[in-house]
Ligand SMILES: Nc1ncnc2c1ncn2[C@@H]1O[C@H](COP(=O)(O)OP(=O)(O)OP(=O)(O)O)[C@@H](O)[C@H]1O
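This document opens with one chain alone, in structure tokens, the form predicted alone.
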Amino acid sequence: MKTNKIGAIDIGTTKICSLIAETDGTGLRVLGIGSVPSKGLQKGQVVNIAEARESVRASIRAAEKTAGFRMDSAVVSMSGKHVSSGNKRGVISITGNRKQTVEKKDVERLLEITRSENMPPEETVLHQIPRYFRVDGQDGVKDPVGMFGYRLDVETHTITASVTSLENLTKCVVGAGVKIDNVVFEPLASAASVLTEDEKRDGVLLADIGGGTTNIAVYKNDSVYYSSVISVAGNQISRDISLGLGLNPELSEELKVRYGSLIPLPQTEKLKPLLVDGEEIAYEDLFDIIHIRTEELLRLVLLQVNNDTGGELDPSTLPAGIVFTGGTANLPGIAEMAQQVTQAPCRIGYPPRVSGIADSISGPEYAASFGLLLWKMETPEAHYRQKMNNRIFKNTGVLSRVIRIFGK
């Protein structure tokens, strides 16, 4: 069976992870992995193109070295506070044929009208995902092509990004020698790798808590319903440790990764202090700082979702609860703490196990990286999204302008 090589580059505030895999259209085999510290990015956005480009290049070269293949193109993740989203509705009359049936061109016309409505010139559409269609008042239609009708409605979840931020991200990747197949909003990539079909149908909130940003996606009725970005994440926890304990940032991050936990401390005995640079630090103090900031972050996520949706979404309306991904999801006890706070089911999202060398990317911090590969695979839904996004990039001219600059 014929196989194709595919690439993915997950660009985050604290790390950049590049993957090379092969697929026959039904399964994946991971061939190469390159994960390096991120430079030139802050809260998900490029702030120094030269540094970010070199970090991307180092990640790509590491993946190519382990795979033994060159990465020619890749699906790339994007995050940052500049990304925004909303549910948009559109309607057209079916008048183009005598049979009075919905044709593919009718669907494309409807989506084009919905996409371009009230679009500021400084923004571009990253994703336009149809949630459902309605034909002559019949709700819940997933594919209206071939149906008889006079009126066609749609509701889409539309995600937009700053043109400037997208161009800067593109320059980093193309400048590192790789063409961009598609740009994917990070929580959608994470959702592709960790959420089950039942969770997406029943209602679930995915919180990808990285270093610089917390990316949110809510799914209901088999489709994304809400998404957003919060500029508070794991780095804020490390900063609080630094300020609270009087430590330098690097040591604070190391303490969080090594000793950080949200598992309740025993009440009957006093724990031995941690010895850091010759000084004793009470473990209880470290625990309190991490617990307070993490609980505050969780409540901030719930508050933003609730406010943005006018109170429509909260844990009680999401039977499948909350799924955590990202590096901060590695904190022991985070799911249990979240369950106590929300009274909703909570779990950690891990990428699926596949063949190759994927065992080294099995943690929740690699959910988005793996999800980018799944996004690229040729399923009908992914193919549709790919086609739509290629058209969007073509219309905005972002990729073509940058490619001309670097001569790729």
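Quick note: we count residues from 1 along the sequence shown, nothing fancier. Everything numeric in this text was worked out from a predicted model, so none of it was measured.
What comes next is about the form predicted together with the named molecule, which does not appear here.
Contact annotation: the named molecule lies within 4.5 Å of heavy atoms from the stretch 325-333 in the model of the complex, the single such stretch among 325-333, 239-247, 297-305, 279-287. The contact with the named molecule in the model of the complex, taken as any heavy atom within 4.5 Å, belongs to V257 out of I113, M119, L265, V257. A single residue from the set S165, S85, N235, S193 has any heavy atom within 4.5 angstroms of the named molecule in the model of the complex; that residue is N235. Interface residue remark: G44 is counted as part of the site for the named molecule in the model of the complex, having a heavy atom within 4.5 Å.
Proximity of T213 to the named molecule in the model of the complex falls within the 4.5 Å heavy atom cutoff.
Of the heavy atoms in T14, some are within 4.5 Å of the named molecule in the model of the complex. The closest heavy atom approach of E253 to the named molecule in the model of the complex falls within 4.5 Å.
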